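A single chain, nothing else alongside it, follows as structure tokens in the form predicted on its own.
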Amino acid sequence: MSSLVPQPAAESQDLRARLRTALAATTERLGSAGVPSPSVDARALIAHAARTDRPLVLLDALPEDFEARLEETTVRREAREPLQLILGRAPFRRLELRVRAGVFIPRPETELALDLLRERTDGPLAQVVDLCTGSGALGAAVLDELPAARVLAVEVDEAAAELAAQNLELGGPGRGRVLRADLLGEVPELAAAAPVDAVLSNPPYIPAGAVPQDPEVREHDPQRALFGGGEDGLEVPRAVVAWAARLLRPGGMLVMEHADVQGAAARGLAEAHGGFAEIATAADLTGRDRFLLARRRDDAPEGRHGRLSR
């Protein structure tokens, strides 16, 4: 006896065919647009259009607006809008962070900062400061992976500070706080946080004359989060180093990200400021210089801006 309802096998075959067609076409379009990882991005857009976090091979149905949603997001990615903005989230270590237009998007290379901190820290990691927090990525990861830690995240931009507060709650509800402040000025509330066990930072560091090559960065990341100030791009990183010297307890660690050509210059900032030992550069997973590491000396004099206060 025949049935008016398609058999499950026929439905499954039709679904697989639609997904294969969508994957091939979307990958081709993204590749033609110069997207660096067209197949990976195509799968992410298809999953987003299907409203699922499950692997595509496990899907047994697609929403009615699947093709329309996929077309809309593919057009946006073809125009080199960052995938994270399209999806509304960005993976960072164990978390799925919220992202929004106008706020710096977390990068995978920054994830290594927390591993470097944990490997090189003597003593507790109970009080951590995240300078130039942006979306709050590093601070949120600290809260997520160090349940006893508390984080003070500092950010000058209002929109970024609002987003960071949301992401800190994802990492550890009630254990993170955002302070909106400009590190280039005097910030009594930040100075009062000393002493802390660690300072993490991914500050803006691009030199004034440099132009980011990727459209995703050049056209979508805020200029304020990219350019570090001064011809060498090190005005804000220099302030980060100075604040770390003020904030860290003896033996506390500074881990600061920088451009792959700034290793020597970043070490020079810590050496010139004084108060640090074991100053070194750590490479990212591709072998490029990426992080300044510096330990607060046990015998370090008071910071240049005066006595630390609680």
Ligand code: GLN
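Counting begins at 1, following the sequence as shown. The shown structure was predicted, so the numbers you read here are calculated from the model rather than taken from an experiment.
Unshown form predicted in complex with this ligand; subsequent notes refer to it.
- The candidate site formed by R120, V196 and R296 is entirely out of contact with this ligand in the predicted bound form, as no residue has a non-hydrogen atom within 4.5 angstroms of it.
- The contact residue chosen from A225, L114, L83, L152 relative to this ligand in the predicted bound form is A225, the criterion being a non-hydrogen atom within 4.5 angstroms.
- With the partner left out here, this ligand still marks one of 141 to 149, 203 to 211, 72 to 80, 187 to 195 in the predicted bound form; by a 4.5 Å heavy atom cut-off that stretch is 203 to 211.
- In the predicted bound form, at least one heavy atom of R107 sits within 4.5 Å of a heavy atom of this ligand.
- V217 belongs to the set of residues with a heavy atom inside 4.5 Å of this ligand in the predicted bound form.
- In the predicted bound form, R290 is the single residue of 267 to 292 with at least one heavy atom within 4.5 Å of this ligand.
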